[in-house]
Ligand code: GCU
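The data below hold one chain only, encoded as C-alpha cells and taken in the form predicted on its own.
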C-alpha cells in the first residue's frame, strides 16, 4: 500500500465512500502494469464477504469510475413523463406493434428522448427486450414512414443528412444492420433511441443534458471534458424507466446492446443500473471493453485526443500513464456481476483489441465466482465463429468494425442462453 492511501485504510474500511475532495490526485497512484485486483478496496484491504462487495466495494468502484474517467452521470430528473405519440399494430406486415414514445425528463428546460418500441405480436404476455442506442436516428433502422425523423444534430456521414440534420432520404438507411423482423420472430421486443437526443457527439459543442446541467448550476459550459458517454448511459436509464413499467415488456429481461461508442455506453449503463439484465457491448474497444493498459489498438492517448468529450478532465491526467489508473475495464464488467455480459468482436478490428477484451473478461471472472455465479467458461479465446455462452460470454468473427445482421443472430443466441 502506498503512503498516501495507507493513512486512509482504516477510514476506508468503515466508510462506504470518500468525498470527492479527498480522493487522491491521479499523480499519486502507483504504476500497476497488471490489471488491479477488483476484490481489493482502494486502501489495499481485501474484500472478504459478499456484503463487503455489495455495500462497499461496488459503490467505491462506481465512484472511482465517475471521478477519474467518465464523469458523474446526470442526476435522476425531478419529473419524468411518457407520451405515446403513435401505436401501429401492423408493423412489418403485422409481425409487430410499433410505438413511438416521447420521454420528457425534467420540469424546466427538459431533455426529450424519442423512443421507438416494437413488440412481437405473436408473444402473449411480456416479452424480453433489446434496448439499443443508435447514432443516426430511429428512422434509419426502418423505412416505415410513421417513425419520426430525429431532430437533433447528426454527423454528415449519416446517410441522407443535409446540413447535419435528417431528411426523408435517411429513412431505412441502416435497416440491414438492425434485423427487427428476426428479433421479433425470436420472441424479443426491440427498443431504440438516438444519442443526439441526449448529447450530440461533438468535441467542441455541448448542446444536450450536460449543457442543461451547466446552465442550471450557473457553470461555464466545458465541452471537451463533459463526459458524454456517462450522459448517454443516463439516456439508457431513462428509457429503462419507461420499459420497466410498460405492460408489454418483461422488466426482468431488459438487455442493453450497442456497437463501438454505443457499446461503451451500453456497458456503463448496465454497470450503473441493475434493472438491466444483460449487457452486449459489441466491438466497444478502448474506454469500453478493452483495457486502458492495453498495448494493442487504440490507446488512452489516442482516444483522449480524438474524443475528449467522451470522458471527464481527470481521465486526461492518465493519458500517458494508464497504468496509474486504480481500476481498469474489468472492474466495470465486475460492476455488472452477477448479470451476464457478452463481448463480441471481429478479427480485423484490432483497433478494438479483441485479445485484450478477452483478458478483461478473465480478470472480471473472480468477482463472478466470488458472488457464487458462473463466470467465463473458457481459458483461451475461442475460434472464429464459436460463441462462448457462459455468464461472461465471448465471440469473434471474421471481418471488420461493423454491426451486422449476423452479429444480431449471436446476440439472440446469447440472450436465449442467459435470459430464457
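This is a predicted model, so every value here is computed, not measured. Positions refer to the first chain, counted from 1.
The protein also exists as the form predicted in complex with this ligand; that form is not presented, and the subsequent description refers to it.
Enquirer: Is it the case that 279, 330 and 368 all touch this ligand in the model of the complex, with a non-hydrogen atom of each within 4.5 angstroms?
Expert: No: no residue has a heavy atom within 4.5 Å of the partner.
Enquirer: Of 220 to 228, 237 to 245, 98 to 106, 253 to 261, which is the one stretch near this ligand in the model of the complex, taking non-hydrogen atoms within 4.5 angstroms as near?
Expert: Of the options given, it is 253 to 261.
Enquirer: From the list 29, 53, 351, 41, which entry has a heavy atom within 4.5 Å of this ligand in the model of the complex?
Expert: Exactly one listed residue reaches within 4.5 Å, namely 351.
Enquirer: Considering non-hydrogen atoms and a 4.5 Å limit, which listed residue (273, 181, 298, 144) is close to this ligand in the model of the complex?
Expert: Looking at the other structure, the residue within range turns out to be 298.
Enquirer: Hey, in the model of the complex, does residue 314 get a heavy atom within 4.5 angstroms of this ligand?
Expert: Output for residue 314 is no: heavy atoms all beyond 4.5 Å of this ligand.
Enquirer: With the partner left out of view, is residue 127 within 4.5 angstroms of this ligand in the model of the complex by any non-hydrogen atom?
Expert: Contact with this ligand, no.
Enquirer: Even though the partner isn't displayed, in the model of the complex is residue 194 close enough to this ligand, meaning a heavy atom within 4.5 Å?
Expert: Result no; residue 194 lies far from this ligand in the model of the complex.
Enquirer: Is residue 307 close to this ligand in the model of the complex, meaning a heavy atom pair under 4.5 Å apart or at it?
Expert: Looking in the model of the complex, residue contacts with this ligand include residue 307, since a heavy atom lies within 4.5 Å.
Enquirer: Taking heavy atoms and a 4.5 Å limit, what residues of 128 to 160 are near this ligand in the model of the complex?
Expert: Residue within 4.5 Å: 135, and no other.
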